[in-house]
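The chain below stands alone and is given in structure tokens; this is the form predicted on its own.
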């Protein structure tokens, strides 16, 4: 057996970020920037009102002062009305403040009266400080400021920043496309009546969902039986249509593993027994320049192997650091006993109420590598280093699954 860190180092050395591509902003959320974007003009580009109200030409007029309303300025107006002392202009949020404006009074703090000439005067019942409720040009970003830097994971708010500096597209690291394959004569599509010796293929659907949740596109290579020609056709189709291949089944030490035979012949592979439980068998290699992850066939092992080994690689290919989900410290809500076997154990747990400001975790039940129901009830994997385990109340690390 080899340490998990050795397997991770082997994978890390053989995956690289994907080439950049320019995408519309609507498709950019969740991607990582491949360029530094700077503001070519100030943001906002002109002085504008932060409220609906009245632009005043006087500095700090006393409450109760009346001002002659000389204009109305709406958002989008391009007029050039000037406000003199003693005058005011009705103004809407986002509208350019007229030259001569000393501050903007909120409409809630004003009252109007008609004038004999058909116009209006406005009275402000509260003091208005200089520059009150005015958004100055460049207040958010000055021309030349970095709007969004390189290697930033784009969230929805970043799209607003990019749009504010006039960008409709952005260069991002390509999001990986993952080809997912299940293998084994014993597997049948879910919903198919079972004959003796057959089981539903649950792995492929779970792995597809995990890949999509990680922000990847997916190519479903389907379910392939234990036929070397069929396995080779599926793998080559994956290499031609995707950036990564993820296969489950056929990587153990069994005598009859067509996946192992085919990949050993057409790809540069390394077959590993990792010192972890579950998910000890693991294979990684490259086929026609495309990374190939050979995950174990047991359902829980397949998920744990994906989380520990495939997810960090997909992150790096998408332009993020090579890392899985960050672990956190928790308190064992019960004893987690284990025997010494040279492996790190990953126990399916549920996070309960906090204890001493730390979350408490309890087992979700059966820990067999075939028991998906316990995994479905879990929201974390408790990490138990080799040894006797931990007692209730002791601290341990947990990898979140949500």
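These figures come from a predicted structure and were not determined experimentally. Residue numbers count along the first chain shown, from 1.
Just so it is clear, the following notes concern the form predicted together with a small molecule, a form of the same protein that is not shown.
Undergrad: Quick one: which of 113 to 121, 172 to 180, 296 to 304, 94 to 102 gets within 4.5 Å of the small molecule in the predicted complex, going by heavy atoms?
TA: Every other range fails; the passing one is 296 to 304.
Undergrad: The small molecule in the predicted complex: within 4.5 Å of a heavy atom of each of 58, 61 and 131?
TA: Verified in the predicted complex; spot residues all out of contact, no.
Undergrad: Is residue 200 close enough to the small molecule in the predicted complex to count, meaning some heavy atom within 4.5 Å?
TA: Contact check for residue 200: yes, within 4.5 Å of the small molecule in the predicted complex.
Undergrad: Could you confirm whether residue 186 comes within 4.5 Å of the small molecule in the predicted complex, counting heavy atoms only?
TA: Taking the distances in the predicted complex, the answer for residue 186 is yes, it comes within 4.5 Å of the small molecule.
Undergrad: So in the predicted complex, is the small molecule close enough to residue 243 to count as touching (4.5 Å, heavy atoms)?
TA: No - in the predicted complex, heavy atoms of residue 243 and the small molecule never come within 4.5 Å of each other.
Undergrad: Would residue 252 sit within 4.5 Å of the small molecule in the predicted complex, counting heavy atoms only?
TA: Looking in the predicted complex, residue contacts with the small molecule include residue 252, since a heavy atom lies within 4.5 Å.
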